[in-house]
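Encoded as structure tokens, the following chain is the form predicted on its own, with no partner shown.
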Amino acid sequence: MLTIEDLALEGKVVFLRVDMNTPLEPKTGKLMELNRIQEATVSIRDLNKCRVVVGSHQGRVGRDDYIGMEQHAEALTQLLGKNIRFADDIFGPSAIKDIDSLKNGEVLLLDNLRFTAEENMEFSPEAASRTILVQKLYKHFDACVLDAFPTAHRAHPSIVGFSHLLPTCAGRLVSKELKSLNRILTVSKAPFTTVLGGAKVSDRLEAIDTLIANKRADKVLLCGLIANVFLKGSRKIEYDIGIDREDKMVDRATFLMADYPDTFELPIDVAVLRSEERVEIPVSELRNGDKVFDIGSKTIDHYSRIIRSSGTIFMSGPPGLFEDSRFGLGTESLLRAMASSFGTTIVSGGHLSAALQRFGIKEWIDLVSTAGGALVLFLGGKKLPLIVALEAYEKKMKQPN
């Protein structure tokens, strides 16, 4: 794929697609950490002779983290040491005016791309290039730089649409992530243990089969919401757990456990809230209405022993609501087990990156990636739409006219 050096970008208007999707402090709504925003600054600095238009997602529709990008613009201003302009718009007249008025060296951040309906859907590259978002914007850009590795597994218009119409190359984060992953995977060794947590059940289910089939998961340790799905699939939870397409998800988990009977490890005990305090109970004592906020101490001990005996450990998604100090024990303990192991360690996702920062052990992990679902699928051998888009443009450039 092409990189920034391969395109003559000086003085050009460049659309830089990054991923600054950042966890929020539950009580204040403020950005919890700046890891992904910090990583976006590398490509922005290297495009300092261009007119740069930055686009990113933040949160998902209906969730508490579905907010505008004003805080991100302020954070970029602080990190870059220069004023970052903010467009309270995406492709309307105000945004177009701001884009067309940019001068060399200036940076404009568009508002949350997910505020447009199309960015909550996925398309083929051809269909994405015909979306309103891309059609409204691409004529005002000279080139596109794709640097949103955490969103590389999603065929959103801003990921695959512009590359069909504009000169397109990889940004610094994409190049760094792929280089680091290729280096890590050449030295990784069995047994492979995957720890999956967090709330993105569909992403995890999509990848598990591929991870196991590609010998990237001899053991899968389940935490978080996906653990509840497997617990229900094994009939250790009898009540509804309250997720979209629950029956389909549970059926899939049941089939996976039947296909790979010795692979999955489920929580033994969990932490729930009782009178505003953390209380650990066996899974068998869970009742309808209970909300699981963390794994319990027995599960932590069991999982930690498996982690320390593994040759390669990959962790994606936090085991609990670590943002709340009452429920950070599982996340911190498993991360510390990884940090103290002799195996190759890979941690992925914005939330776990924030957790490593909070617990002061980031430097003890071999590879820390801000990508979550994208990295899970990459390790499982899946082709990622962002990478496919970059490779397709590079191939197009090699073809004779």
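Please read all numbers here as calculations on a predicted model, not as lab measurements. Don't overthink the numbering: it's just position in the shown sequence, from 1.
Absent from the display: the form predicted together with ligand 3PG. The rest refers to it.
K.L.:
Within 4.5 Å, heavy atoms only, which of Thr193, Ser163, Thr151, Asn112 is in contact with ligand 3PG in the model of the complex?
P.N.:
Here the answer is residue option Thr151.
K.L.:
So which of Lys236, Lys200, Arg326, His302 reaches within 4.5 angstroms of ligand 3PG in the model of the complex, heavy atom to heavy atom?
P.N.:
Exactly one listed residue reaches within 4.5 Å, namely Lys200.
K.L.:
Gly373 near ligand 3PG in the model of the complex, any heavy atom under 4.5 Å?
P.N.:
Heavy-atom contact with ligand 3PG at 4.5 Å: present for Gly373.
K.L.:
Is Arg51 close enough to ligand 3PG in the model of the complex to count, meaning some heavy atom within 4.5 Å?
P.N.:
No, Arg51 is distant from the partner.
K.L.:
Please run the contact check for Arg60 against ligand 3PG in the model of the complex: heavy atoms, 4.5 angstroms, yes or no?
P.N.:
Taking the distances in the model of the complex, the answer for Arg60 is yes, it comes within 4.5 Å of ligand 3PG.
K.L.:
Pick the stretch from 333-341, 66-74, 52-60, 352-360 whose residues have a heavy atom within 4.5 Å of ligand 3PG in the model of the complex.
P.N.:
Flagged stretch: 52-60.
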